[in-house]
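Here are two versions of the same chain, shown separately as C-alpha cells and labelled structure 1 and structure 2.
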Structure 1
C-alpha cells in the first residue's frame, strides 16, 4: 500500500512558522501504525523528523498527536483505517502546548497542572496504616467494589490528548483541564483521603471544575476511556453534597432542578433570574439583554403551566430526596 503523509514540520531555530511536508512511502503491512510510518520516514526519508515515542503499545503515553484532525496515539492508529476513512494522513502536534520541534510539544504546563491537584493520597495516619496482630505496620487496601467507584481514572496514561482537545482550555489557558481534574476525582473519591473537603474547596476555585463547558471532547479522544468529563461531573456533585454551593456553577444545577421539579420543564425566563437572585447589581447587568429578548418574543411567561403529569415528576424528586 502506497500512502502519502502530510506532516507538520517546524524547527524554531530555522523556520518562521510551521509547514506541512509530504512524504510518500510504501506501507508493507495493513497492520502498520502511524508511529511505524514515522519511524520509517525518519530512517529512510528524513532523519530530521522529530517525535516522541517509547512503548509502541499505547502504554507510556508519549506519542499523542493530531492525526487527521483528532488527537490520537500514533502507536494505536492504523494507517489502513485512516486511509480508508480520509484517503490521506495528516499529522500535527498536540494543540494548546508550545511546539518544541516538529511533533514534540512542551509538556511542562501539563505536568504543573497535574502537580497542582496534589496527585497523591494525603490520608490521616490511622486511615492509611493498620497495626497487625503481631505488631507490624501494614497498608490499608481498598476493596474492589470501592475501587470501582474511581471508574476508570486510574487508567490514565497522562498522554495529554484530552488537554489538546479541550474547548475550555482553548479560551482559558489557566483552566486545570481534563487530565488533572480526572486525577483529582480519584483522590476525592478515595475513602482513605484525609483532606477531601480541602481538595473540593480548592477545586471549586477559579480555573477549577466549574470552568468545564461539558463539550465531551476529552471523552471522545481519550485512548484509555478515562472519561474525564464524567469525573468532573462527579466532582461537581461531590462539591454540592459537601455544601460548597456558593458558586454560579452550583446555583445553575440547583436552580435548574428546582424549576424542573415545579414545572416539568425549564423556564428560560426564570432560569437567569434564579442565577443572579438576589444580587441587585447582577440583576441589573442581565436586564438589557432580557429586554431585547422580550421585544423579540423570546422571553416565555414567568408563570408557565406545569406539564401534564407533573405529579409523576414531583414524586420522582421526592423519592430521590429520601435517598440523600
Structure 2
C-alpha cells in the first residue's frame, strides 16, 4: 500500500525555519508502525532524516512525536489507524522543547525539571533498614498493597509526551511540568519517605503543583496511563492536609469547602472575601468588581440562610474527615 508521510524537517545549519517534506512510500498496511515507516524512509529515500528510537516496544520512551496533531510514541502508532483516521500521516517533533534537528528535541530542560523534584527516596533513618538478630542490616520490605497508592505513576517512561501537550508550559516555561510532578507524587506516597513535608513545601512554591490548569491533555497523551494531572491533584490534597494553604490555589479550595459546609452551597458574595481576607489592600482592590456585580444582580445575599438539608451535607463533611 502506498502512503503519504509529511515529516517536519529542520537542519539549523542550513534551514532558516522548519518545513514539511512529503514522502510517498510503499508500506505493509497492517501491523506496521510509524516508526517502521521512518526507518524505511531513512534507508530508502532520505538518509539525512533524524529521529530517536531504541526498544521499539513502548518501554524506553525514546520515540515520542506529534503524529497527526497528537503526542504519541511512533513505535506504538499503527500506520493503518492513522491512514483510516486522517488519510495521511504528518509527523512533527515534540512541542515545548527546542528542536535540535528534524524530529529530535533537546531533552536537557525536561531532565532538569525531573532532577528538581529530587527523584529518589530520602528514607527515614529508622525505617530504611532493619538490623537482624545476627547483626546483619537488611532492606525493609513494604507491603504489596502499598504500590496501589502510587496509582501507576511508577509506570512513567519519561518520554516527554505530557510535557509537549501541557498548556501551562505554553505560558509558564518554569512550570515543573506533569512528568516531574507525577514522579514527585511517587515519593510523597511512599511510606518510607522521610522528607514528605519538605517535598510538599517545595512543590507548593511558584512553578509547582498550583500552576497546573487541569487541561487534561497530559492524561490523554500518556502512553502508559500514568494520568499525571490526577497525580498533581493528589499532591494538592496532601499539601492541604499538611496545612500548606498559603498559596491562592489552596486558599480557594479551603474557602470553597468551608462555605459549602456552612451553607450547603457556594455563596459568591463570601467567596472573594474569603480569598483575600485579612489583606486590606487586596480587599480594596476587588471592591470595584464587587460593586459592579451587585449593580447587575450577580451577588447573592451575603446573609443568605443555609439550604434545606444542611444537616445531611454537614454530616457528609464529618464522614469525609473520619475517612481521611
Partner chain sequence: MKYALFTGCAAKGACPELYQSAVKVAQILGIELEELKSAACCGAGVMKEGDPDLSLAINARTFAQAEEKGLPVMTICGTCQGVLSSANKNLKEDVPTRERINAMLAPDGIAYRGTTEVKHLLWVLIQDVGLDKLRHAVKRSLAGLRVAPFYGCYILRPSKDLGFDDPNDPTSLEKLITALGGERIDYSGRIKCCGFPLILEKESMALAMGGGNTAEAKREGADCMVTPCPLCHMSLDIYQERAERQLGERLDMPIFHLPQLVGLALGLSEKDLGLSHHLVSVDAALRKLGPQT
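From a predicted model like this one, the values you see are computed outputs, not experimental measurements. Residue numbers count along the first chain shown, from 1. Note that the rigid core is defined as the largest set of C-alphas that superpose within 1.5 Å between two forms.
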Quick one: identify the form predicted together with its partner chain, either 1 or 2.
1
Selected hinge residue, from 69, 246, 148, 47, for two rigid parts turning between the two structures:
246
Through what angle, in whole degrees, does the smaller rigid part rotate relative to the larger one between the two structures?
12
Distance the CA of residue 309 travels between the two structures [rigid core superposed, Å]:
4.6
Rigid-core-fitted C-alpha displacement of residue 261 between the two structures (angstrom)
3.3
